[in-house]
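Only one chain is shown below, in structure tokens, and it's the form predicted on its own.
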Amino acid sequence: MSSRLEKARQDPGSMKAKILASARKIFGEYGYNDTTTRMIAKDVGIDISTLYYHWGEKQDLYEAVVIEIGEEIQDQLNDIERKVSGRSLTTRLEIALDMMCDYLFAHPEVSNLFLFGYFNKTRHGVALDNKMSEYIANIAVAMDLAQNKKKVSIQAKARILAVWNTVLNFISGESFFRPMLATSHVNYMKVVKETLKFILVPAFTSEKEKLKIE
């Protein structure tokens, strides 16, 4: 039997899909605690009973959003790994930063949900950061900082987390940072990518041998 998430994916125009899209946006804006099912129902233009019929409780809907985003991120990482294979570390980093920034700028709720998860003391079942260890291992191998996903040095993990959190903050904090730079959204995206490469590429390339497990 198909899950609610699978049914929503199978029919993007369905009520389940519309509710899921609204939930993803509102959870990303307000976080789990400050989001209510009534807010989501109002955004979709339905009554609360219709939302419960299609999705059940808030926890069920939140978990579906988290699962969907987690799978998207994994797809992005797999795509990055395919595209960077066999290239120099500098090129790998540049491609990876471009691709992840493009994905996260296109889906700003993802960065917000990660940051809400970091700083929210109350946990709600499935959480995006539950899979961070797996993401880190994938990135380490893709960047040639580890020979396999089971042997990633703590130094490599910490540096990858530094990159990840820097990207999340640049994107989630755009409304705060961009006015300081007095620039457009399009140019902000460009500047963020350039800045990340300026700082991170030399740092990673100079430290590669220290990070890699022999």
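The shown structure was predicted, so the numbers you read here are calculated from the model rather than taken from an experiment. The first residue of the shown sequence is 1; numbering continues from there.
Just so it is clear, the following notes concern the form predicted together with the DNA, a form of the same protein that is not shown.
Position in contact with the DNA when the complex is considered in the predicted bound form, options Ile46, Ile67, Val163, Met189, heavy atoms within 4.5 Å: Flagged contact: Ile46.
The single option of Thr36, Gln155, Gln147, Thr183 touching the DNA in the predicted bound form, heavy atom within 4.5 Å: Exactly one residue meets the criterion: Thr36.
Touches the DNA in the predicted bound form: Leu196 (any heavy atom, 4.5 Å): It does not: once the DNA is placed as it appears in the predicted bound form, Leu196 has no heavy atom within 4.5 Å of it.
is_contact(Val201, the DNA) in the predicted bound form, heavy atom dist at most 4.5 Å: Outside the cut-off, so no.
Close approach of Met15 to the DNA in the predicted bound form, 4.5 Å, heavy atom: Yes, contact at 4.5 Å.
Touches the DNA in the predicted bound form: Tyr30 (any heavy atom, 4.5 Å): Tyr30: no, not in contact with the DNA in the predicted bound form.
Contact at Thr50, Tyr53 and Lys58 by the DNA in the predicted bound form, all three, heavy atom at most 4.5 Å: All of them do, each having a heavy atom within 4.5 Å of the partner.
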